[in-house]
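Only one chain comes next, encoded as structure tokens, the form predicted on its own.
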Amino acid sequence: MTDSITDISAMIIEKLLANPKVPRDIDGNSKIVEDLAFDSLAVMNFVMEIEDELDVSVPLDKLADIRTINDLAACLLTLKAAQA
């Protein structure tokens, strides 16, 4: 399920769409802060949820570089590969 950026992005989008406040027209290029209207606390809470799901931890310095859903997926994929 989580073997590619596309797979991880799809999982992230599915989790986001469970929140009724998230726009329905999001995709991998959607900006987490601008398009989803997430503040820093919402971003941290959401990333923690994804970390738990994938059993990885995103370092804060990497989190600062994440802008889009695909950026987050790429970061998570890299972290999972490093664990393997």
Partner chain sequence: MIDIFAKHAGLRESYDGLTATSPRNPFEVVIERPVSASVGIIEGRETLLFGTNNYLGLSQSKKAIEAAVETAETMGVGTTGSRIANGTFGLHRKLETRLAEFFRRKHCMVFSTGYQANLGTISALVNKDDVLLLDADSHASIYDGAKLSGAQVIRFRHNDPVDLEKRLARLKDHPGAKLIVAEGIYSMTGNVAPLDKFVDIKTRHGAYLMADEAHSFGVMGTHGRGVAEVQGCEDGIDFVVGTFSKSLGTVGGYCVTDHDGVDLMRLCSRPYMFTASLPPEIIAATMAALEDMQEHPELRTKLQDNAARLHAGLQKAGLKTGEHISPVVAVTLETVDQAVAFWNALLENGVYVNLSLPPATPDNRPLLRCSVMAAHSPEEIDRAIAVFGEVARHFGL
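Positions refer to the first chain, counted from 1. From a predicted model like this one, the values you see are computed outputs, not experimental measurements.
Not pictured, yet referred to below: the form predicted in complex with its partner chain.
Interface residue remark: residue 48 is counted as part of the site for its partner chain in the predicted bound form, having a heavy atom within 4.5 Å. Although the partner is absent here, residue 29 is not a contact residue: none of its heavy atoms lies within 4.5 angstroms of its partner chain in the predicted bound form. Though the partner is left out of this view, residue 60 does reach within 4.5 Å of its partner chain in the predicted bound form, counting heavy atoms only. Contact check for residue 44: a non-hydrogen atom falls within 4.5 Å of its partner chain in the predicted bound form.
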